[in-house]
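Next up is one chain by itself, shown in structure tokens, the form predicted on its own.
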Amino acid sequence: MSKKCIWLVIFFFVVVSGMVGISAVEGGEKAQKVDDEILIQNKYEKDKGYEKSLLTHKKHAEEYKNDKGETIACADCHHVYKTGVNVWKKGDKVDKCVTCHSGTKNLSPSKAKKLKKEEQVKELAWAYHENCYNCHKAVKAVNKKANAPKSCAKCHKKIKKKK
């Protein structure tokens, strides 16, 4: 093979691999693969007899509206707080909630509200209820027909006991 052919082959691979890299980038970061639906892990399964909650991520991101009638922005759910301000932006890495909210008390929202704020924010159950439930509540306040469940059983299906 001639030097010219070798350089053409090398050039071809560099261009193709560069194009593949560009297609995987969103907002300057590598895009994370996100499932259309996500089962939210919880400790209620054994403790209180509830199944994992299903988050319809794709529908939330593409179809559902917030309480202002706008498409739900990524930063409405995803967050990284620095000095009280959410600095997370689309394209940033998304950690699992339990990365920061690693508390193990598994408290109901009413019991979690009795904790000091610094203890409260550590609790995973509190974080889900604070973010998800409060958003659903706000959406329902402006649109009674919105698909934003507020009752516990709509997100937490009871595990049927085996007979």
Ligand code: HEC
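For every residue, the number given is its place in the sequence shown, counted from 1. Being a predicted model, the structure only gives us computed values, none of them experimental.
The protein also exists as the form predicted in complex with this ligand; that form is not presented, and the subsequent description refers to it.
- This ligand in the predicted bound form is approached by residue 73, whose closest heavy atom lies within 4.5 angstroms of it.
- For the chain shown alone, residue 125 is a contact residue for this ligand in the predicted bound form, at least one non-hydrogen atom being within 4.5 angstroms.
- Though the partner is left out of this view, residue 55 does reach within 4.5 Å of this ligand in the predicted bound form, counting heavy atoms only.
- Contact check for residue 40: a non-hydrogen atom falls within 4.5 Å of this ligand in the predicted bound form.
- Residues are counted as partner-facing when one of their heavy atoms sits within 4.5 Å of this ligand in the predicted bound form; in 114-134 these are 121, 125, 126, 127, 128, 129, 130, 131, 132, 133, in sequence order.
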